[in-house]
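Just one chain follows, in the form predicted alone, and it is written as structure tokens.
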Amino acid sequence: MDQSKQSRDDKCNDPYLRCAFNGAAQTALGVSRSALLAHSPQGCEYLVNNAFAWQECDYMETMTLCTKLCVDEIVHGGEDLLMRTIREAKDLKIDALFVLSACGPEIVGDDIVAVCEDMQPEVDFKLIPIQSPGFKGSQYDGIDIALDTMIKRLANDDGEKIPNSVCLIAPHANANPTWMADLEWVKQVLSEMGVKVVATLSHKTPLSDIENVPSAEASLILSHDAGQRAADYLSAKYGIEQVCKGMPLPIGMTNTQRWLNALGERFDAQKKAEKMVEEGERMVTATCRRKWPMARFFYRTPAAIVADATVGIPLVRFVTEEMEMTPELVALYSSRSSVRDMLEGELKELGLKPNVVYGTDVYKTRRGLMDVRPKIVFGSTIERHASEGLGVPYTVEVVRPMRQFRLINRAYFGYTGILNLFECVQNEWVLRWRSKDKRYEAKW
């Protein structure tokens, strides 16, 4: 499927998926010692604020700016206003200023690339234009656009390859609200295998790391929804091999074992990988024997999974093997061909034939839930409301947006991640049996 067709399929679909402008902002704000200038109306800055929160930027260190285009600039162009805003920001102590264009200025033909080239001699930091209007697709398309721009403009091919090194791609394209914990788990695993992380694209990433990306031997995508374009470019341009390609991310026993073994084989650390698997599985088993998780009450319970592909696809195996439930509905936010191939491969291997919905929206999700009438739903706060009146007793909120956002990051990847997911299910099971007659004051 060509890229233009993919973009049409993965469209902006609030509240599940924001637009390309949001995705580009998520990626740019992952670069440390930088600022972001939104060439947009003030309303689009809301999306920048959303991206700011998603990257957990330190508000004392990261600056966001906006040209605040009004009717006159939207109709007649706002290049002069963009130039003036860049001049006003010239005293910022930053390494780079990312200039993102929204729908309006792209439609009237504002050339942010030319403006940045003209203004570059006047400022000490790098100006990096990213043409990412919302109409170019979903936030995943915006992430791909931003990664593409960053790598092509900043990567420096002067350095030599670093043995046993890897570039991590798009960890933020993930509906896990604490995706940073997944990223840390991956870094810890690579460190124990003796693998050096050259760059993370992007989360707290210095500009120098992006410049050094060509020195990586391999790339590792931490999302099933975005980042493949960047990995393909790195492979074609710099000969950087992609590892764990086409493999579900490490959520659940089997996926984690496969993923660790693949990394161990690539980086000549098989014994280390086998030890991680052995110790991890022993820890999960011992913990479950002591804690008595409520999984046994859900044997063969019909379940629905509504999530992005990054979390949703590996959850299918986790729900089937670890929870021993029966997935009756799998609804994914995205619909790219790579996502379809991976999910269909998993379903075939597991011998499952659930209803599958790609590129789901709230209406499709509601219709899907009405058709299969599951007893438990793995999804978000949206599915909790979408399940009302359908007799769904349990909704396990594991993906964004969540009613109770977690302040402390918790991984879904790896063996501790399995226990974290068990805990989500157990908490929902306990809440179901909490007395509805007890008054709030009685707790005190």
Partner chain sequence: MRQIAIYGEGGIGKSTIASNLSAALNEMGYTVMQVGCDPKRDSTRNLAGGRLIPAVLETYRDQLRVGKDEYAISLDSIVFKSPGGIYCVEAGGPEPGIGCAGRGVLTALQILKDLKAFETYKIDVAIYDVLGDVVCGGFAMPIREGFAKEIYLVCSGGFMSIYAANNIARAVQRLSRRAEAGTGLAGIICNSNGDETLEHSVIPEFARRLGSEFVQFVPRTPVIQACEFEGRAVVEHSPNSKEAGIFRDLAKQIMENKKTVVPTPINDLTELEQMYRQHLNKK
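Keep in mind the model is a prediction, meaning the values are calculated, not measured. Numbering follows the first chain given and starts at 1.
Although not depicted, the form predicted together with its partner chain is the subject of the following passage.
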| query | finding |
| --- | --- |
| Proximity of Glu192 to its partner chain in the model of the complex, heavy atoms at 4.5 Å | no |
| Heavy atom of His76 within 4.5 Å of its partner chain in the model of the complex | yes |
| Non-hydrogen atom contact Val71 with its partner chain in the model of the complex at 4.5 angstroms | yes |
| Non-hydrogen atom contact Asp80 with its partner chain in the model of the complex at 4.5 angstroms | yes |
| Heavy atom within 4.5 Å of its partner chain in the model of the complex - the one residue of Ala262, Leu207, Leu350, Val108 that qualifies | Val108 |
